[in-house]
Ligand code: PMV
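Here's a solo chain for you in structure tokens, the form predicted on its own.
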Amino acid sequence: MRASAPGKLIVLGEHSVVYGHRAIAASVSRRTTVDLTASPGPTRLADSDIVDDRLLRALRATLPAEGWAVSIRTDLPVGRGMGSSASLSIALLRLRARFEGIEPDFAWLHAEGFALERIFHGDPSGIDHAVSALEGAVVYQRGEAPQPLAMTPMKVVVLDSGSAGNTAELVAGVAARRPGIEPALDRLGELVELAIGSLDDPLALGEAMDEAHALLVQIGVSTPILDDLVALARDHGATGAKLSGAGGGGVVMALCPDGGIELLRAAEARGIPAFLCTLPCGASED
């Protein structure tokens, strides 16, 4: 048996979403795939790209206790805010649905996904596994169900900073800087509303992303490395670039309608891990 699910990027709205504004997130054309092979004895983890002590808890919470060897493969950078644990959770739930003979519609995947994401994140917002389950773009507001959002597929180059940020610390830091940064948070929310009407326009979306990154710098969640990656992207053909996620590390997303060849070459020359992907991605054929 095999199932897979995509990762995600926050397009606009990180941090302002904590304070009642909406955010846009989209699935990416990179995935986590789980393969099950019949094997006598207890179900076990046979092979995995993801090294995490919580994996076995997730497997035990989802799969039959006996009879399977589990292999996990991902082409998502792990621990960079791209939803690798959420994509794993949704892939596991799709397998569980087969064992239970049920149709894993979005409502079921989203509800059950919280239990698995709590294993990895304690108190997840729900947006990561919602995007992974829908395999598309969503608009999300805290306390409400994520809503599907029409978005023209676009090419994005992802640049890896090489480190992970601490989401809880970053969110706490933003809270501590309020109310002085309230105008910046409000403007981040406004950019989401403006972008919803121009998601098929890479120039307009790129401008919104550029402004969003400047605001994320202002509220204190960017780093010199992330700023350098944004500058590299803008210097090599991106129509817009910003950090994606909580900040403090993680990745930069660069909108590259031309396919990003120039940017990918520049990143390679500097030894920066980078890859091209599409967002939002299409549905899996597992």
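The first residue of the sequence shown is number 1, and the count goes up from there. Just so we're clear, the structure is a prediction, and the values are computed from it rather than from any experiment.
Another form exists, predicted in complex with the ligand; not displayed. Remarks below refer to it.
Proximity to the ligand in the predicted complex, taken as a non-hydrogen atom within 4.5 angstroms, holds for one residue of Cys277, Ile24, Ala274, Val17, which is Val17. Just one of Ile72, Met151, Val171, Ile119 comes within 4.5 Å of the ligand in the predicted complex, counting any heavy atom, and that one is Val171. Segments offered: 94 to 102, 182 to 190, 120 to 128, 200 to 208. Contacting the ligand in the predicted complex at heavy atom distances within 4.5 Å is 120 to 128. Taking non-hydrogen atoms only, Gly81 approaches the ligand to within 4.5 angstroms in the predicted complex. Taking the partner from the other structure, the ligand in the predicted complex has no heavy atom within 4.5 Å of any heavy atom of Leu226. Contact check for Gln141: no non-hydrogen atom falls within 4.5 Å of the ligand in the predicted complex.
The closest non-hydrogen atom of Gly240 lies beyond 4.5 Å of the ligand in the predicted complex. Applying a 4.5 Å heavy atom cutoff to the ligand in the predicted complex picks out Ala246 as the lone residue from 246 to 276.
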